[in-house]
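Same protein, same chain, two forms; see structure 1 and structure 2 below, as structure tokens.
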Structure 1
Amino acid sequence: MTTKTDNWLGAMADHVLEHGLNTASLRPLAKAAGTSDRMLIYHFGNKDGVIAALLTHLAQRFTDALDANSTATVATHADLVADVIAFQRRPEMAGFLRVWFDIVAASAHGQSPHIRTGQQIIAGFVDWIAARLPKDDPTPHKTAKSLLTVIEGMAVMDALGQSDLADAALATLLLPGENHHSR
């Protein structure tokens, strides 16, 4: 059964996806959940408890969104990365991207719950990518990590309104033909 606090978390997550995580405060969160700040403190202990619960809920939501978009395996690394980027650029994913960079920024400031959630999301993302890699990859997990790093870099460029720069990276890095210098 879904508990009352679970319902709250769903509504609060919607609010956070719309308005941001790091600027969220108790009274607006409570209003979005149809309750009061008094109750949030009562059931989660303090604001940190609310944020921690929200973070795990959001991580679960992101994993679910990935699985719901579970495409078949693709032929090339470039195709896979292009698919993921196209997925991230869908309008309904904009909220996730906003919250994602809120998490990354908080992690850069050393906030432990955010770091843990970020690692959790990364781990799920790596698995999801590895499962969709061409079957002949001898080290799919390692390949997935590399591709995800590129994807994150492209997401940064997208956030800065530099999607063209992200696309250039995709073309240069992952398409055969032009290649790298040896020593």
Structure 2
Amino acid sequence: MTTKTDNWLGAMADHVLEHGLNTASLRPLAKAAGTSDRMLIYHFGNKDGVIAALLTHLAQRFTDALDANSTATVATHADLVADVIAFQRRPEMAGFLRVWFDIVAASAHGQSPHIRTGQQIIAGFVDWIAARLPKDDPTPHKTAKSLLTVIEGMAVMDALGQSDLADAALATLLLPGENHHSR
């Protein structure tokens, strides 16, 4: 059963995916949700609560889409990174990456709701990656953190129009047949 706040979060997420997070203030978010900024404050506590709930909702939406487009486990670490990068490079995922970079930029400026929510998103993605690693990986969470760092670096390079450098780095770091457990 979908609640009123779930509907609001869905509508606000659609708005943010189209227009970005940096310009998201309460009035445009409320308008997108079909409610008032006062109702958002009432239900989420304050603007930080609205933003935190919205970012969590967006992260779940991204993970759900990734789940629907990936396999349960992969044969190699390189396969997992390549699958995630290919998914992130889809045109329909561009809004999610723009919002992610908005979160990172706000975090760099010390905005605590973005830092906390960004850390939660990272932790969830580490768990997601760890669950899909080859079953013989002796340290799945350690490996997942390393692979996520590669994925994030590649996303930055893609955003800067340097996908060829990102692909070359991936080929160098995750050579087929190499033991990646120690990374």
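Keep in mind the model is a prediction, meaning the values are calculated, not measured. In this text, rigid core is short for the largest set of C-alphas that superpose within 1.5 Å between two forms. When a residue number appears, read it as a position in the sequence of structure 1, where counting begins at 1.
- Of the two forms shown, the one predicted on its own is structure 2, not structure 1.
- The chain shifts as two rigid parts between structures 1 and 2, and A106 rides on the other part from A53.
- Hinge angle between structures 1 and 2, smaller rigid part versus larger, from C-alpha superposition: 13 degrees.
- On core superposition, A65 has its C-alpha offset by 2.8 angstrom between structures 1 and 2.
- In the rigid-core superposition between structures 1 and 2, residue position Y42 carries a C-alpha shift of 6.0 Å.
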